[in-house]
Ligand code: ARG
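Below you'll find only one chain, the form predicted alone, shown as structure tokens.
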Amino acid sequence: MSQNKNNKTVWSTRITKDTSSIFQKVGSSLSVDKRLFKEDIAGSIAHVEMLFKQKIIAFKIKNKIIWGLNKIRNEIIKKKFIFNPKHEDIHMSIEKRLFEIIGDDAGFIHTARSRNDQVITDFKIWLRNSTNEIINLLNSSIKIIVKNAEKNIETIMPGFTHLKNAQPISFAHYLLAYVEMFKRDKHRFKNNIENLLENPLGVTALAGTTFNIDRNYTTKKLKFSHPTKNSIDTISDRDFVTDFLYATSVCSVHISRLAEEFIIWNSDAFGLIKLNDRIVTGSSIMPQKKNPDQLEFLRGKTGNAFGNLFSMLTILKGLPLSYFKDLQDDKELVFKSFDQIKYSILIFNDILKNFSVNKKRMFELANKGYTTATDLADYIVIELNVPFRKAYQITAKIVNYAEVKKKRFDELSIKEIKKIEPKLNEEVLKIFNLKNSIKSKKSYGGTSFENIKKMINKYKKELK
């Protein structure tokens, strides 16, 4: 519960009884929102500078307030500030301390301002900076992936559909698929920043103010692009929150998908990659075990990101305009999602630096399951000038024959193939070469080595 220098709540003149002790305990958000102290002080300084500029407060009062706020910021940074849970939130905690430092003149700080616009202003500034931090981390992820891809351009692996061998691809091409995912994640986060550039400060509780304030001044001071246009919408708007929570959820999905694949590929059944000891843990009972716990951590935490998004959407779905106590939960949900996605990306980047590729095993697996069957069907279309569906049927018969004989495609003789389709000649045998198969996929976005090299160069330029 917030108190002023006289140890009474700011609303004690109107409400004479103390709030119940249990609600004082659960209703306080100080433990959550105290991480907004820098943003809150920056917003307050810009606000009082504007009040002085507009001749609403005197020069001496402005300087006293700014001096006091800077003193409070240093106290918090140096861990000398006493956070009292009775003061409800960081905003009232700072105001209470300001009264202790400079006296009654601290009361001018709230002129032409409400906690409603104050909170949203702080939150938007924090979220703007934090979103840029996530974007920078994703840039690091992309750089590491591109570096891994460059080392594995000619590493051949099976491409999967339904987790069944489908067509041979380059391992680099697989890795670059995640570059595209993380680029989209970056784009989502950058789009969110646009909505964070509207300045809420000055709309007060919900209706605006009678004071002659200059919202463009605080907009420039706090590095927003323009003031918000409707005071009611400003106070009730949490679209910027759901946008951030959605972006973190989708990014978490992408991390989780790669984590799942690496878990599978690291398994004894697949053996396509090996994890360095830095990113595995042991068993309490089985001495031989090396478990991919960090990958499982990433996969599991994705559910928390979804939960935070759904919680915020549920809070908003039936909420009338404009401010309600329900909205207090927005910061805790965002902070949890931010912390989680930040540490998930850091762990993810560490994993990308600490795995090795079993190239021999990848090639062996790519040679199983008749992965060049589509190449054979395409070849028959071109060479025999038949419709694809007919070529598909001829190829299926060759696959059936090879399967019965327990042979790979590259183990079949031309004589055996001619029994099924007499018009084919020895040239067809080249189709079964995995490297040739990959080289042939030159369509834009395809897995050919030539395409991959071009894309790697493109990504490198983008990252400069």
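Don't overthink the numbering: it's just position in the shown sequence, from 1. Remember, it's a predicted structure, so these values are computed and weren't measured experimentally.
There is also a form predicted in complex with the ligand; it is not shown, and the following applies to it.
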Is residue 33 close to the ligand in the model of the complex, meaning a heavy atom pair under 4.5 Å apart or at it? yes
Evaluate residue 95 for contact with the ligand in the model of the complex, applying a 4.5 angstroms cut-off between non-hydrogen atoms, and reply yes or no. no
Within a 4.5 Å heavy atom cut-off, is residue 113 in contact with the ligand in the model of the complex? no
Do residue 87 and the ligand share at least one heavy atom pair within 4.5 Å in the model of the complex? no
In the model of the complex, do 156, 370 and 437 all reach within 4.5 Å of the ligand through at least one heavy atom apiece? no
Contact with the ligand in the model of the complex, heavy atom within 4.5 Å, among 138, 258, 119, 109 goes to 119
Which one of 328, 304, 148, 374 is close to the ligand in the model of the complex, taking close to mean a heavy atom within 4.5 Å? 328
Heavy atoms within 4.5 Å of the ligand in the model of the complex: which stretch in 304-312, 158-166, 285-293, 87-95 meets that? 87-95
